[in-house]
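Encoded as structure tokens, the following chain is the form predicted on its own, with no partner shown.
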Amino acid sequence: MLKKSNLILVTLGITLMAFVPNCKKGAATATLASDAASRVYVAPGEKDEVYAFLSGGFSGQMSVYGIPSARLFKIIPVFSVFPENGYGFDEETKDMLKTTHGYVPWDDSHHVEASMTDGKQDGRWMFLNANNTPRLARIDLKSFETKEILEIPNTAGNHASPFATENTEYLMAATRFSVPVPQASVAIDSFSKGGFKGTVTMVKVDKNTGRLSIELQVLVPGFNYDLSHCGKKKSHDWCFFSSYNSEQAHKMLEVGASKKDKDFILAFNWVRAKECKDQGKAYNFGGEYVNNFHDENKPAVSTKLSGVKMLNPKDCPGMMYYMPTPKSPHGTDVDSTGEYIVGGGKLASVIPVHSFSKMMEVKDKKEHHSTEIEGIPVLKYESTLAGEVQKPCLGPLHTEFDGQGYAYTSCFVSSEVVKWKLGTWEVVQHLPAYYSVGHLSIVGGSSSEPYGKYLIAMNKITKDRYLPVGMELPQSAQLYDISSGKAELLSDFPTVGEPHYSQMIPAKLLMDKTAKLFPLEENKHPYATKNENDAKIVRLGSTVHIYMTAIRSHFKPDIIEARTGETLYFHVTNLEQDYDIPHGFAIGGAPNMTNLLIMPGETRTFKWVAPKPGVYPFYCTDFCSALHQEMQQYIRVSP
């Protein structure tokens, strides 16, 4: 006899298969473009049209590709150590990975968000979330480096994050794994009795510096808040969060969290929330967290903070509303006009589309409320519904927009992207995706002014797409041209880690603003050495500071004497002032340290405890000149 859980899954499969024959009826199917090779080819010395920033999932990083070539340009280390350049190991960056749990060398990075002005990508910053240990990161788009990481207290599973308001006033973060707030050792089955809670966090972004701070947290019912997007234009004041597990199941969620026909999209008026806070309706609440900031060419500074302002929905009427949405919604996406809020119910047979105008019209009319949950009114499904895309595919998840009146939704189970018309809700094309597509991304597709042209499907399963490399396979992404009336497949390419989301930006917004070097005269590192003649060794008891310079093709000082047990700090300044001339630094057999990669004009520090007596080589690890091999020296360690 089938177990109950298996029976439910089998029944679900039969139900889904029941409408497979109809889901592609009357709609075209995307095919490989006959001239695909020429359309993705970027000639030597030419540049790509678009930057694509992909999250790394379980790698904890962010990767940068050029589109349409799909060439990988850079991996930006964010939440995980990166031996390639020493991030997380050296004295300048190790504090970037500090948390209230201690030094955490890894995380699970899911969602990328671009900074915006008037809802349009402005090329200042990228933001990335950490799902495992709740954090947000800010990446500077001049240097393509992580500048700040902010830990989020009173939450767990920071998944619905880091989605920005229209002018990047705030980033939103919400709880995926509801927990006791404040934390306490309670019976896990108290979850189903309302003992677990979530929070929605408003993270303020300084408009000039980009510095992050927690403005406010809102205590919300203990559901699983999954994805978020904020409004545009008419819906500027609002952000929308999908949620599942309104059943509040605490075991076998594949069964327990899939019982109801509808869960919710939470509509959150962040302007009203700030107003209530300013009126004194928020109260002081605990919670320790850490802010890590890496100023240009200086060691990172980690600051421990305590306490937030907490707001209860019942104390701020008009701030939050639940919109019922079928079924176990994963994505929630807002079109470029700010009118349509699209739910991606992964177990639903439709794609529901809510109308912002309808929501505003009915939200405070009792006859359009079905109930209330912990001070949050639940609106009737029909009252906010603009329309439904009928039988679009199997397992709809996420939607992006091309700015031409069309939406594109990823479908995990049927391995495809469906293109449909806003307003008529008609499916017009199916784009096969190999295999099991999760997120998708259009150039500017989540902004108020999509650039369009290219779409990337980020697929979870690779199977037979590439040469076999054993059991652990790369993720697969596919590139489509959507600029004409009919989308066409151009290429597929392997990706780094497990991309969950991407932001694509026209290259013209960034390419002329990127930093090429650190001006040596502006280097304010406390251990910088700006002239080879100033290189020196300073001994302070058992601690030794080596003020070292690197230039093609030697180090100074070039002979180092130490004693076993002494702690040596090699403060290496790259004196080059030429673009693309980094120097590396490594010591033979150094434990707990990796190579350092030091950019022109930069200072970085290699910490080394002198081991047993002997002679230890150190050398430049980045091929810098015809005499690169000669850029090596020695450390003598005496008893």
Partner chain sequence: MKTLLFQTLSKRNRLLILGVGLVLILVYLIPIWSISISAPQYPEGLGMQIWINKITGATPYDLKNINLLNHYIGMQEIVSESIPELLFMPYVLAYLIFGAFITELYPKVGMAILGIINLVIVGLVGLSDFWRWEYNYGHNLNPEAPIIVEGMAYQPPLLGCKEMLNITACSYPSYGGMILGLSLVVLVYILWDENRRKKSNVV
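Computed from a predicted model, the values in this text were never measured in an experiment. Numbering follows the first chain given and starts at 1.
Just so you know, the form predicted in complex with its partner chain exists too; it's not on screen, but the next bit is about it.
E576 belongs to the set of residues with a heavy atom inside 4.5 Å of its partner chain in the predicted complex.
Taking the partner from elsewhere, V615 is found to have every heavy atom lying beyond 4.5 Å of its partner chain in the predicted complex. Put simply, S553 is close to its partner chain in the predicted complex: some heavy atom of it is within 4.5 Å. When contacts are judged by a 4.5 Å heavy atom cut-off, K142 does not count as touching its partner chain in the predicted complex. This chain is displayed without its partner chain, yet in the predicted complex the stretch 515-523 from 515-523, 106-114, 484-492, 287-295 comes within 4.5 Å of it by heavy atoms.
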